[in-house]
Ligand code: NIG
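Given as structure tokens, the chain that follows is alone and in the form predicted on its own.
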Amino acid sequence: MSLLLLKNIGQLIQVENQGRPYKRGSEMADFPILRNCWLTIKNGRIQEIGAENSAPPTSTNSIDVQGATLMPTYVDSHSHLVYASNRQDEFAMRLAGLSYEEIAARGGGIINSAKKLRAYSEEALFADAQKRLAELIQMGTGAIEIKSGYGLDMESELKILRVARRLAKESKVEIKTTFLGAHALPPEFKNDKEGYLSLLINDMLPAIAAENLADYIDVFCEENYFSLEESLRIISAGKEYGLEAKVHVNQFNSLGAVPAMVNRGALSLDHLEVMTEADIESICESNTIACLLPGCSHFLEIPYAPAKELIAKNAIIALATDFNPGSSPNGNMNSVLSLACVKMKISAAEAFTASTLNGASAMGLSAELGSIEVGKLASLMILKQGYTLESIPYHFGHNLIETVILKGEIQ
């Protein structure tokens, strides 16, 4: 592949040369910027970064950025991108005054999504997910984690993960998959939770491992879903198949899951809207990543995770969309960045670090993505003329991205 030159870059954001896998605490505001520079790409990777005000090399294949801002693409480390259809009817119920828990008790929520997905073909699932992914690319997403959990039976859970793996093969987006069979208890096991746990551990996990369909394992550790003891059983079983844990915890209640999962070496703990002091101390003293989901807080009108306090106490913070049809029907990482700044009161630099390098770390991809660094994948976005990083949270709801490049190719 020939050399591609990006020249006349006004600002090159998140430039690194230290090989850091993540930034924690005050480091998240350490935000290297090069001005009036250039960058070359070869074989899909960043080959060279020009010093400020230096002359670029000669190239017949070049893009004149014309003074615009160039940044790494977003890394969305928590999503449920593969689902059958939306849940707008439940949104209407919420507007009429019902809570998320009340809707779930009436057969809505995750169970509703599972019912719809079971009736969907694998081809239809793929077609829908591919369209969603194409939209996300244009909004700057260059990597995404995709969870199962909307099937809740053997056939459907495998179907979701197969679709996610196929998306990875047919897209320039980096994709990691997570088995979340323990998302809710399916109706056929309403009175036999132990039977469903047995199905997860003894049948689903071996089948998933046999096809190499998952990179991680997850569980919804929450009241009325899966207890801490049950959650620990599930992630321990996943570990036997080489699956690291990325776990839903503390969305509505603190059940002691944060210190327990930290002690088990979880890669990330996601949600964290309800946190005790002991929870905060535990995750801040560890290398487990706190993956925060402000889009869910906004849509469900529940508390926002204490991002500012976590950063002040030296945690590793990632931000993600939680894109799903029920509690966060928005895959736009620009919106997530804005919510983090406005509602969580963190800086644009901290939010962008959480949405790029730290998100990559929460997917085991920080050696490849998340910063502008020689040797990393050239997955980049060029902002429209006149806009900078601070413009993104300020102009909430707008897409200020002019061009997306994934692995050296314009999308």
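The numbering used is simple: start at 1 and walk along the sequence shown. Because the structure is predicted, anything quoted here is derived from the model rather than measured.
The protein also exists as the form predicted in complex with the named molecule; that form is not presented, and the subsequent description refers to it.
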| item | value |
| --- | --- |
| The named molecule in the model of the complex reached by all of His183, Asp322 and Gly326, non-hydrogen atom within 4.5 Å | yes |
| Proximity to the named molecule in the model of the complex (heavy atom, within 4.5 Å), stretch among 255-263, 132-140, 73-81, 234-242 | 73-81 |
| Partner-contacting position among Tyr216, Tyr100, Tyr196, Tyr120 - heavy atom within 4.5 Å of the named molecule in the model of the complex | Tyr100 |
| Residue among Tyr304, Phe91, Phe189, Phe220 with a heavy atom within 4.5 Å of the named molecule in the model of the complex | Phe220 |
| Contact of Ile283 with the named molecule in the model of the complex (heavy atom, 4.5 Å) | no |
| 4.5 Å heavy atom contact, His271 and the named molecule in the model of the complex | yes |
| 4.5 Å heavy atom contact, Phe226 and the named molecule in the model of the complex | no |
| Residue contact check: Leu161 to the named molecule in the model of the complex, 4.5 Å heavy atom | no |
| Partner contacts in the model of the complex for 218-252 (non-hydrogen atom within 4.5 angstroms of the named molecule) | Phe220, His248, Gln251 |
